[in-house]
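This document starts with one chain, in the form predicted on its own, laid out as structure tokens.
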Amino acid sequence: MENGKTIALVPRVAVVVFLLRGKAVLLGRRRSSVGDSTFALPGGHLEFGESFEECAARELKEETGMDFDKKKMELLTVTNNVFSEQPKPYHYVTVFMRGVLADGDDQLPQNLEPTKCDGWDWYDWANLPEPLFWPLEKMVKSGFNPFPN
């Protein structure tokens, strides 16, 4: 209950991007009530009527100022994540996309949402920073590999 009213808990849809450069991925340190100070992929909430590709491109641009080649974007997997240990429970269906930079490797990530992220950097897949945001950590520990064969 909140303000005397029962709040309906409903799943939300998030779209995140494995933006690849060589054998590195772009990660930022979260500033959020969920997963604060953990490293996560760029992404955010799917808006009504938006495709996964459109959401991934919009979120990447809003958070980092970067663009990627939409023709080379791929759906990798979808996960079902329930966060029950938070002050308020959250349930996210997370869509994981893969992309590469539109203009080669010369784009530099900017931190365009400093209240949500401490900054972006490239991290080698074999040497990821810790702690990782729980859904990403779960995928890494399962042996998931975002790189094409």
Ligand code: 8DG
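In case it trips you up, residue 1 is the first one in the sequence shown, and so on. Just so we're clear, the structure is a prediction, and the values are computed from it rather than from any experiment.
The same protein has a further form, the form predicted in complex with the named molecule, not shown here; the description that follows concerns it.
Using a 4.5 angstroms limit between non-hydrogen atoms, Y123 is distant from the named molecule in the model of the complex. Contact annotation: F52 falls outside 4.5 Å of the named molecule in the model of the complex, judged by heavy atom distances. Put simply, V16 is close to the named molecule in the model of the complex: some heavy atom of it is within 4.5 Å. Although the partner is absent here, G44 lies within 4.5 Å of the named molecule in the model of the complex, judged by heavy atoms. Contact annotation: of the candidates E62, D36, D67, D118, the single residue with a non-hydrogen atom within 4.5 angstroms of the named molecule in the model of the complex is E62.
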